[in-house]
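So this first bit is one chain, no partners, the form predicted on its own, shown in structure tokens.
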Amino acid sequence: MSTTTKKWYVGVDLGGTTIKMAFITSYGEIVSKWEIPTNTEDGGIHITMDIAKSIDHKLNELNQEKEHLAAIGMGAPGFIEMETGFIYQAVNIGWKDFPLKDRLEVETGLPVTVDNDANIAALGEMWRGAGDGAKNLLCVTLGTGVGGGIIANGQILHGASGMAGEIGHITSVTKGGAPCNCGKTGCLETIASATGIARLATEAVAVSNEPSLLKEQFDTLGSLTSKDVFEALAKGDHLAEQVLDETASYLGVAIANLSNALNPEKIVIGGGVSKAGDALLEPLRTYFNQYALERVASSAEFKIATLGNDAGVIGGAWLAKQKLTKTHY
């Protein structure tokens, strides 16, 4: 067994409010995981030093030397130059033209590989989660927005400018639609995200005259969340069923079209909305089967993501391991 195999990898998952970190073995097992707040002051300039200090602190806590670490794999939001780890822009962090890889390597003394946060979540699910080792995998993350990661032949797809997998900005098959933060209208994100589902529910309540738990909730609180929709759905609320059916129809069309092009073995649904489980998967499968080619549909298995908040750090470790293995040959 090589010395690299015995070492730990550092998985880092950078979010707008917290930075999740973990020491992970070469087999994808978490040795220790923790998180620190994301300091976005001064344009996010302090983040790399915060990560470096936190890694050193955790090593001291575990009574381990820095030599026990092999490399860092990090997921970050925003527009990234994958080869150089250069961040063109990360709005929620405050970075613009920020040399993330170079800065973190200087401050930690470790090799660093950087990728998009949705991509590393997909890699994590492929390696140790619902992907179950599948080499052709489509990962769709339904949270505040809609993210995606596409894995083909075991490799994450980046595209010409690192933008592959922006599933949330596939526009709907109908004209118009709600405005999206990207500047377009009718993006999948405006329908299938947690905020999109809440918006659809609010609009449905406004035009519906039938009795509904959602209507009662809205009249009481003045707003609705996606959680409200799924709770009402579990109690058999007809309006909630209509909202979810509309979400599933657009999501089913988008995933079917992607699958017709990519022919994935596994389609992993993650993010907060995925907690709805079969209530989401059953109508989604129905619409998917309606629009996907028969051979494509028959070879694709839908799964709910299993790693939760650990997907990013595990995917980061996989990324670091793969990069280091390549450089050794």
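Numbering starts at 1 and runs along the sequence shown. None of these values were measured; they are calculated from a predicted model.
Another form exists, predicted together with a further copy of the same chain; not displayed. Remarks below refer to it.
Engineer: Quick check: do Ala194, Leu213 and Ser274 each get a heavy atom within 4.5 Å of a further copy of the same chain in the model of the complex?
Structural biologist: Checking in the model of the complex: none of Ala194, Leu213 and Ser274 is within 4.5 Å of a further copy of the same chain.
Engineer: Does Glu166 make contact with a further copy of the same chain in the model of the complex, using a 4.5 Å heavy atom cut-off?
Structural biologist: Output for Glu166 is yes: heavy atoms within 4.5 Å of a further copy of the same chain.
Engineer: Counting only non-hydrogen atoms and a 4.5 angstroms cut-off, does Leu262 reach a further copy of the same chain in the model of the complex?
Structural biologist: Taking the distances in the model of the complex, the answer for Leu262 is yes, it comes within 4.5 Å of a further copy of the same chain.
Engineer: If we define contact as a non-hydrogen atom of the residue within 4.5 angstroms of the partner, is Leu280 a contact of a further copy of the same chain in the model of the complex?
Structural biologist: Contact check for Leu280: no, nothing within 4.5 Å of a further copy of the same chain in the model of the complex.
Engineer: Is there any non-hydrogen atom of Ser161 lying within 4.5 Å of a further copy of the same chain in the model of the complex?
Structural biologist: Although a further copy of the same chain is absent here, Ser161 would touch it in the model of the complex, with heavy atoms inside 4.5 Å.
Engineer: Please name which of the stretches 252-260, 195-203, 109-117, 229-237 has residues with heavy atoms lying within 4.5 Å of a further copy of the same chain in the model of the complex.
Structural biologist: Heavy atoms within 4.5 Å of a further copy of the same chain in the model of the complex occur in 252-260.
Engineer: What is the one choice in Gln155, Thr225, Asn92, Thr144 with a heavy atom within 4.5 Å of a further copy of the same chain in the model of the complex?
Structural biologist: Comparing distances to a further copy of the same chain in the model of the complex, the residue within 4.5 Å is Gln155.
Engineer: Using heavy atoms only and a 4.5 Å cut-off, determine which of Ile47, Leu284, Ile267, Ala292 is in contact with a further copy of the same chain in the model of the complex.
Structural biologist: Looking at Ile47, Leu284, Ile267, Ala292 one by one, just Ala292 meets the 4.5 Å heavy-atom criterion.
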